[in-house]
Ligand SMILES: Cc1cc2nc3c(=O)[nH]c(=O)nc-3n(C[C@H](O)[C@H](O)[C@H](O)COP(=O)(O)OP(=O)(O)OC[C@H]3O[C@@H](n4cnc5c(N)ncnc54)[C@H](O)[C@@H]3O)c2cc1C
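Quick setup: one chain, the form predicted alone, written in structure tokens, and binding and motion questions come after.
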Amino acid sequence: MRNLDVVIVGAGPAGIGMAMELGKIPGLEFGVLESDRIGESFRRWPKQTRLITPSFYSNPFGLADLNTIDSTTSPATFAGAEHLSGDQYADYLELVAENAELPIVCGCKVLEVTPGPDGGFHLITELGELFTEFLIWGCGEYQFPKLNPFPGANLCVHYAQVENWQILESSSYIVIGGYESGLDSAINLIKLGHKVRLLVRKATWDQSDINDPSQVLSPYTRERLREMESNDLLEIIFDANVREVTRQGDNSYRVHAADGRYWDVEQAPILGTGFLNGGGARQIKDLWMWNDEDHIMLSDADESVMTSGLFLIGPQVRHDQRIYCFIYKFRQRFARIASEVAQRLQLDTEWLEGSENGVWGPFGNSDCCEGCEC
């Protein structure tokens, strides 16, 4: 059984970015475990899906590409694209990991995590057992869709279960959900010539009083929606609080709303209902404390308030009302965790440039989005 200082679970943008930061600490022994391939969640996106945050190379001027996980690289220059596909972004992550020679083991699923009686963690994986002093969990959320938001949801097809919109052949669809996945579903179906009835509770694209893109439709999706609003193939039904989906014989489905309205469709409805709170962190759900809104409670260093030495990275990180679900948000947290680990292991922390001024790593102050309105 091998011993390591730190193990990162997950090799998406959070896991790779965290590993890049840990690689700066002299003498630290760490590894990254990935159950499948680097960037696997992105490779499972529908082929037409694109990153909603734009990529642009501005690193020399101190403004890193919004989608980069390292201050010296840019997905925009790698792919020659502003809104990358899932495969393009996964290829970018692979190149970053390869160039940095990160210690990543793919095809190594973690089967069990047990906290040690004196600290640390015993991990059982598909490739053997190991012990680590610190565990950093970064399994993301895309592979953990919300499949049962209401009775009969199992009769539907979730956005995360669609590989390619081109393989859908029916002429008419119902899409449930008014946020990014719901709108992306509707837009891509209409582009392919299908009629779409979009059921939404509210117009998420008209909430001008909300500036956080984690809570309102992104400008990229709003722009695409505007191009479709006058299209006869799109019908938007507002105030549609879907409560159930049932089968109507062998050839149709009925979507029921709370106010008694219903809509029939021959093809299984498309669910744009998002992903589970906590995402992949639910794999070790008993090691976290969950609040009343079913989110994980963390310390200022993104550590579990229940299990010492266990840290969370990626889109599920939250502090008060601040949601870190975009890459440009959660990458701010990497250096904060790396600093905490280095100090506890009594390793050199001089690599933290400007740490005496409260600045952590290449992306600025790790506490920036906790104490100011940046």
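Each residue number is its position in the shown sequence, starting from 1. Predicted model, so just to flag it, every value in this text is computed and none were measured.
Missing here is the form predicted in complex with this ligand; even so, the following discussion is about that form.
Of the heavy atoms in residue 177, none are within 4.5 Å of this ligand in the model of the complex. The closest non-hydrogen atom of residue 327 lies within 4.5 Å of this ligand in the model of the complex. Although the partner is absent from this view, residue 159 contacts this ligand in the model of the complex, with a non-hydrogen atom inside 4.5 angstroms. At a distance threshold of 4.5 angstroms between non-hydrogen atoms, residue 75 is out of contact with this ligand in the model of the complex.
Interface residue among 173, 165, 275, 121 relative to this ligand in the model of the complex, by the heavy atom within 4.5 Å criterion: 275. This chain is displayed alone, yet in the model of the complex one of 323, 310, 51, 342 has a heavy atom within 4.5 Å of this ligand; that residue is 51. Remark: of stretches 22-30, 57-65, 310-318, 342-350, the one touching this ligand in the model of the complex is 310-318 (heavy atom within 4.5 Å). Residues 139, 140, 141, 142, 143, 144, 159 are the members of 139-164 with a non-hydrogen atom no more than 4.5 angstroms from this ligand in the model of the complex.
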